[in-house]
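One chain follows as structure tokens, the form predicted on its own.
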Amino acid sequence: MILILEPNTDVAGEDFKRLQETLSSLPGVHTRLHQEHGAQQVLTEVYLIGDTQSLSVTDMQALPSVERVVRVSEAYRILGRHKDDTRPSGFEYNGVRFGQDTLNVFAGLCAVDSEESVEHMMQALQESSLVCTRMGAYKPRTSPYSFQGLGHACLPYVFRLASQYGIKVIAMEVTHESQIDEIRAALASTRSTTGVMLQIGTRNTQNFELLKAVGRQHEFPVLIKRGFGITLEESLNAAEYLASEGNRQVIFGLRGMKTNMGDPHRNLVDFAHVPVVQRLTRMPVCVDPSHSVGVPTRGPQGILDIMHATAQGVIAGANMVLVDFHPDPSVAKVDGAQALRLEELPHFLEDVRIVREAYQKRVELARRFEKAEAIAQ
């Protein structure tokens, strides 16, 4: 059961104290508080965890500061939407806003291979006025003999250059909870002004102990990718693991499904699920066209397949794009075939801008149609 409190409820006020006193007296029930900080108001929710079947919705509705009561039956209780809940949600991290109404492009290196590559990438991002990037230090690979990433050795110069070129958020995959401490230590030692978004890769979507460890820390937001061979529901429950441990700053990533039905692409593009995830949950949704397509091919119109896939995600309302670039893809140590060249970055961003504008026009059209229907009724 969730108690949705009146907007801007003062959690230090007398009404909230009286509410907490009542809730603390409920047998077999404990509470968890969550707040969404919007541009104009703070939304507060109290989760009642335990045996709530015997609790009356009417009685709970009558408690101080309670605006609405939702009895939850869905599997993703914390991240999910409940009972026609259409309120905007999201979070701000290191000066960057992430929500279901925003779009952020994270262009960067799938795997860091040298300080020179990092600096070239950062320069290109600054020239394009981008403040987010992806930088892979830890790389889980199918073969034990493949390049596994430079690990913590590259973190100092990645964070130093990120600060130098004005990068605010770096998406970086972690495969073990000890790497969180390495990232934290490198940020402190370099006095970096950048932030890190921890990434759970598709192979670790059901590494439940890693999910719990990442969820227990609240310093860094999390991008969790859909598992490549499991259902959408199973992947959403994986995201719920993060939230159940207390970290609500979660973004859900679609990166294609592992099946030969996607041939000749690397994976079967699943970006039609962008609005599905937004409808089922309050998470912003990321698309990863690079890992979905995986090849540098283009259609007869001259448009790259990766850009077509990006457009599919953006036109469906994606809130984040994770895309691979490299100064010289031919020498990249990981996934060079799917990396775009730095000189293609302005073209890519202009294409994203065009598609995002089309999406916003579609939203406005839908709202006008909905309003006209309401008037007609």
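Numbers for residues come from their place in the sequence shown, where the first is 1. All values reported here derive from a predicted model rather than from experimental measurement.
This protein has a second form, the form predicted together with phosphoenolpyruvate, left out of what is shown; the following refers to that one.
Although the partner is absent from this view, residue 201 contacts phosphoenolpyruvate in the model of the complex, with a non-hydrogen atom inside 4.5 angstroms. Phosphoenolpyruvate is not drawn, but in the model of the complex it has no heavy atom within 4.5 Å of residue 314. By the criterion of a heavy atom within 4.5 Å, residue 309 is excluded from the residues contacting phosphoenolpyruvate in the model of the complex. Residue contact with phosphoenolpyruvate in the model of the complex: residue 255 places a heavy atom within 4.5 Å of it. Contact annotation: of the candidates 110, 214, 167, 293, the single residue with a non-hydrogen atom within 4.5 angstroms of phosphoenolpyruvate in the model of the complex is 110. Judged by heavy atoms within 4.5 Å of phosphoenolpyruvate in the model of the complex, the contact stretch among the candidates 143 to 151, 300 to 308, 201 to 209, 92 to 100 is 201 to 209. In the model of the complex, 225 is the single residue of 217 to 245 with at least one heavy atom within 4.5 Å of phosphoenolpyruvate.
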